[in-house]
Ligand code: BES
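A lone chain, given as structure tokens: the form predicted alone.
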Amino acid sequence: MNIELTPLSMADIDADIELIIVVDKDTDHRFVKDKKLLKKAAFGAAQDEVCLLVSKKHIYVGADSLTGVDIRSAAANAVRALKGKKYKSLKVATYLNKGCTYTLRAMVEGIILGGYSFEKYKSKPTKQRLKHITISLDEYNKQPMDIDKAALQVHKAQIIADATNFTRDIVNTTPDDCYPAVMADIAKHLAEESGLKCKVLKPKEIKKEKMGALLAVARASRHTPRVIHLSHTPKNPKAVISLIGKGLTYDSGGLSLKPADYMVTMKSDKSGGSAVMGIMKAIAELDLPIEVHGFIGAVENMIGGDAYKPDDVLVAKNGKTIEVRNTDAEGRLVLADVLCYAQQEVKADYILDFATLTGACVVGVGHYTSGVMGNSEAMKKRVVQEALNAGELATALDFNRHLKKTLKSEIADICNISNTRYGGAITAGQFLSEFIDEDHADKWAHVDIAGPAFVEHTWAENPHGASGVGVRMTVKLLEKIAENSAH
């Protein structure tokens, strides 16, 4: 989409259709021009409720407030309602929350995210004809606007929303078209386009790095694993950050085979690794003055004569031995080795890992919320706050010593699953904590994105399928770090 910011009034802009956001059911607002028709259409202006008045060339959508989260969702739903229709251009006013230009950024994100669709595999895809968006600086409450600040927010919104859609595309791609070598190729192409550095470890290099847990998960697949390292390294960085993503391009469950219903959508098990690539794309294009490294463990977990088995004992990169009691708890094995490798390669001020790690997290907090864990209360709080600021739902899940005991193994240093069915998201996080060294213990946060990464219905600005969760929240966090840090 081409998005243009203009000081022209709404009346002076020529477009095929005008978007009007009705805030807090205020149908008496000066922007609302079709009160009688809206009443006849029983338009109540509830959050995300859409009313298209074809004869007037107006589309109305409700928003409960001027907060970014409500405006983003409203804009996305309005644009989604225009999909397949013949409108090529749209105009919309500016909406600010008490003068804060972040709401403008949220609206632009909503427009781009709402316009997304994944129809790669359809023989007759629905065309998105809407190509040109004009945003007037005519503000909802007649507040004055700084055009430079507004332009910056629009620029950032485009980069971040495009990176989110880039992530969605990777996650939505089928396992036969996106396996570890393909993920590595995507990373290489991204590096060439964005000025990032890219290093890819193949099986021989992975074996040399003693990543025994990751290699065990990968060995039954015809697709060999890759460990990907992308890096953004500006001069005199204000901080150093490592991002680690679980890139299970498909997860059958291994010999602890998933039931058929649970195996469908497992192309989404690469959501963590895909998010890391999306974040790196956004960071490079924003050219943030911080050093950021993205590490991805790209693996396929399959069955076969060479599959790793329950009762096996694996040796991770840091030398810890792991008793396998369930081969479907494979993501934590991959992350264990990649976390160790990331800490070996980079001494970071902050470490975040992203993974569709546990169904238990979905049971605990629902489809739409990420669970944030770690050893540091301050780190968890910071990640959750910036997620909420970016319009993503997240909540902290607390470690405790009693659950940690449930990972005890009688024959190895640790077991890959707990001996209780309860608290599975937390015990998975505590398993990962065993692979964080002392120097990074309080600098690390684990983000379980199993709930929001892939949902089979539309919600807010998210489509059916991949949401690209993790991109907006992490970019917001890294922007804040860049603003406040003095390395």
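Throughout, we count residues from 1 along the sequence that is shown. The shown structure was predicted, so the numbers you read here are calculated from the model rather than taken from an experiment.
What comes next is about the form predicted in complex with the named molecule, which does not appear here.
Partner contact region in the model of the complex: 251-259, out of 190-198, 168-176, 210-218, 251-259, criterion any non-hydrogen atom within 4.5 Å of the named molecule.
The closest non-hydrogen atom of Thr164 lies beyond 4.5 Å of the named molecule in the model of the complex. Taking the partner from elsewhere, Val61 is found to have every heavy atom lying beyond 4.5 Å of the named molecule in the model of the complex.
Using a 4.5 angstroms limit between non-hydrogen atoms, Asp328 touches the named molecule in the model of the complex. Although the partner is absent here, Leu397 sits far enough away that none of its heavy atoms falls within 4.5 Å of the named molecule in the model of the complex. Contact annotation for the candidate site: Arg332, Thr358 and Ala450 all lie close to the named molecule in the model of the complex (heavy atom within 4.5 Å). When the named molecule is considered in the model of the complex, only one residue from Val384, Ile417, Leu130, Ala390 comes within 4.5 Å through any heavy atom, namely Ile417. None of Asp269, Asp337, Glu109, Asp353 but one reaches within 4.5 angstroms of the named molecule in the model of the complex through a heavy atom, and that residue is Asp269.
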